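Okay, so we've got the same protein chain twice, two forms, each given alone as structure tokens, structure 1 and structure 2.
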Structure 1
Amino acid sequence: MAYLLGLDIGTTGTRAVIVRPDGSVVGAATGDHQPMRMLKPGWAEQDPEDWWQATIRAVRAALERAALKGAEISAIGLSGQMHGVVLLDNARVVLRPALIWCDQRSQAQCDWITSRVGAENLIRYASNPALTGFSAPKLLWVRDHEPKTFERAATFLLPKDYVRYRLTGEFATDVSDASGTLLFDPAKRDWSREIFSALGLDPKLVPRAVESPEVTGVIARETALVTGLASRTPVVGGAGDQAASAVGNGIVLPGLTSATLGTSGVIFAYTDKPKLDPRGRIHTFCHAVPGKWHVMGVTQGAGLSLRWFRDQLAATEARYAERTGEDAYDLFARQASTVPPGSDGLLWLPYLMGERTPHLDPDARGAWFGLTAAHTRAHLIRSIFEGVAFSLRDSLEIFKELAIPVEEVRASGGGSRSFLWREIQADVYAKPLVTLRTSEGSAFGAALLAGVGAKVYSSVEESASQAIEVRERMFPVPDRVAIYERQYQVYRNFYPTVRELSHQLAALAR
């Protein structure tokens, strides 16, 4: 029997999942990370050594839970938080803590990149605009503010690729993760010579980029000793966490889309060709399916909206939940179910952390709009469920503009545990909403990619048909679709109308 190991180097922890080719999970474990360091507002750093130690703990625990020996693992796939910048010197020693995906310190570098390369050229060469989330601005921040460190930098690796280096001794990345650096041309599936030269960066800084199922190296002997894995086990390219999670959700064919409702929300669609939004509102990246692409839109404050409500305005539910052992989120859903769709004209704007898609506006601010004395707490809660779904629909509308087909939406992330939130999403998107048997996300997708590399499956598409099973398919209900359609049009027009006021308020709070 072949067993496949998927690893996901996340933000809060590293997850190891061992699966059989039929998709059943036989062992899984998480190694926690230290909290990220936020030395100043907007800064976020992690120590790459910490990811490695968490990997060792997670792999050992997963093998133990599955009662397997390392030699029984046929191949390993990696996925991880995207965009982070790990810098190594000539002796392959880490030069400084990694600046990770949510680090926002590099706006000045983004402006500089845009002026050096040109806004249109950035879309042409990198398929995306310069955003503080991407790697290149972070790399340039180090060049601008820590020139001595930058001078010594011989190699830049993404987080999962640092773990690959520790596992195999090899430098490599994959095309999906490389797409989030802004130094890579997703349309050509190769590093962008134009961008390296415009930014004055040495192309030798980056490793080779392979297709996700390609084997990049094997477990080194020293690694085998500390992890319990067998030396010479192949490690495949793997993927950035979003692409890997999409593989785990079977988003490997035209028409398939996923809605991941975690702290932030991501709408992700497979595309046959690189689809570019000239306005840069959605990201266009290489997919983990060789020769294919994906687009994705992001809502910053998706699950975060409900968590904020729980933490700030729901002491009663929190106490009740603590006493009864019930989940506070389930109590919210029960209350929200007592209110009709559309929350009697109450709207929630989930811009608690600014907004990415479609506004690309860090100064967007959240709001309830339409309040009357007749509204109750239940309305407040339901409107949050609905407002988050509207914000995710914004991405689907952009997909429609770009003629990207959407036949069904596959739900995942913490928010998909809620029946009500799934129902609201089906009605707001007016699409069938599907949930799957396995909700292991990125690590599961990475394991499937490993299976393709080990020839357990003949292709990524085949891995999906063998390992992924639909658990529930929820269809939109026409009456509710009509109500939400009207409400969505108000939602959509609301923020552009108040944008200037939102910026003024944001400035007052600085």
Structure 2
Amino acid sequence: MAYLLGLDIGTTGTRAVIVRPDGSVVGAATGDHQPMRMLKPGWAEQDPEDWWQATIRAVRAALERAALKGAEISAIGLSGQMHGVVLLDNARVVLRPALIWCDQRSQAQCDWITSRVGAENLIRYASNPALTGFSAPKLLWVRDHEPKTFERAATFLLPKDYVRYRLTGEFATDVSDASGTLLFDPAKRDWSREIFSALGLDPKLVPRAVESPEVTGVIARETALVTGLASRTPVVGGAGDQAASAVGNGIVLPGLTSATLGTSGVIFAYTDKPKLDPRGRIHTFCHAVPGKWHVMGVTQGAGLSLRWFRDQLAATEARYAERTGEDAYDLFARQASTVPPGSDGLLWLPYLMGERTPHLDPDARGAWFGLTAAHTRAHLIRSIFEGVAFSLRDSLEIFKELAIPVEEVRASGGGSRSFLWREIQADVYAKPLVTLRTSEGSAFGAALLAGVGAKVYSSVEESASQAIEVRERMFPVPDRVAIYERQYQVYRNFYPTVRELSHQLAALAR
């Protein structure tokens, strides 16, 4: 029997998932990462070597749990956090820690890119505006602030593509992940010569870009020794985490949308041609489905909001969870379920790392608004669940403006495991919320892409029809929908009202 391995190089860990062609997961494991380094407000870095060591641990553990040998894996697919900047010199040595997706230090470089290329030309050439989350501004920050390091840079890789290099010795990326660099033209599905020229960057910095199911290399002999995989096993292009997650959720046809709640939160919809928002509030990228595209909106601080609460304000729950083995997030959900929808008028803005959709603002700051002496700890927690859902609804409102159909929303990511959070999402979106038999997300989608590359499936669409099964449909409740509709209108008007004050506070922290 053919077995497929998907690897997802995430923010907090690397996930390895082994899948049968029918979508059954037979083995899975995670190699944890060291916490990201935040030396200053808005900075975020990780060590690429840490990703590699986590990959080794995850692959070995997944093979052991599946009771399989590496030779039984037919192909490997890769996924990972997008936008990170890994720089290697001519000897293929990493030059500095990677600036990762949530690093916000490069606003000055964004402004320069916009003035240099032109706001309209950025949408024309890259389908997106210059944002601090993207790779090109981070690359230019290194050029501006660490010129000696930049002079030594011979190759720029995205996080999953660094792991590809360690697996195969090959430099390559895929069109979905490349779309998030601001150096790529999603409409042409190729690197943008116009942008490289305008920014004074050498196109030799970037690897070749391929369609997601295309084979990019094979497991090297040295890699086989440390991972337990078999040498010569093919490795496909894979996809950025959101496109791979969408494949794993079956978002490969019009009308289907996904809501992924991980560290960040993403609303993702399939399109059969590039759909551009002139204001750049959502991203237009190549899909992992060859010849197709997607749009997505991003909130930076989705699951991050709850993790921040756990780490900074929930020592009691953390100790209890450690003592009993219960998940602290389950404790939060139980407390939050004692509070009525709308948290008695309390709102949470999840802008802990700036914000992308719809504000495009690295200086956005989080806040509770509406606190009174009657509010309890449970209100604080429920408002976080609700505030993240409101933030994701912002993207659905933009999809509506662009006439992108949304018939149902498929939930994935760690947040989808919470019944309460699924219920809140269905009511906030006023759409049916679907969960699937497999909730492995990006790693699962990467495994399906590997199956297409290995000819186990004839197409990405066929992989979805064979391997994906609906487990639950949750429908919105009209009374709760009405409550959330009124509260959402307050939510969407709150940050524009305090934006200037938020910028003043951000300036004080610099």
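The shown structure was predicted, so the numbers you read here are calculated from the model rather than taken from an experiment. Between two forms, the rigid core is the largest collection of C-alphas that superpose within 1.5 Å. Numbering for residues begins at 1 and runs along the sequence of structure 1.
S.K.: Which number goes with the form predicted together with adenosine-5'-diphosphate?
M.R.: Pick structure 1; the other is not the form predicted together with adenosine-5'-diphosphate.
S.K.: Superpose the two forms on their rigid core, then report whether the C-alpha of H283 is displaced by 2 angstroms or more between structures 1 and 2.
M.R.: No, the C-alpha position differs by under 2 Å between structures 1 and 2.
S.K.: I want to check H375: does it shift between structures 1 and 2 by 2 Å or more at the Cα, with the core superposed?
M.R.: After core superposition, the C-alpha of H375 moves 2 Å or more between structures 1 and 2.
S.K.: Please check if Q81 moves between structures 1 and 2, taking a CA shift of 2 Å or more relative to the superposed core as movement.
M.R.: The answer is no, as the C-alpha of Q81 shifts between structures 1 and 2 by less than 2 Å after core alignment.
S.K.: Could the core-superposed CA displacement of R473 between structures 1 and 2 be given in angstrom, to one decimal?
M.R.: Displacement of the C-alpha, rigid core superposed: 2.5 Å.
S.K.: A318: how big is its Cα shift between structures 1 and 2, in Å, with the core superposed?
M.R.: So the C-alpha of A318 has moved 8.6 Å between structures 1 and 2.
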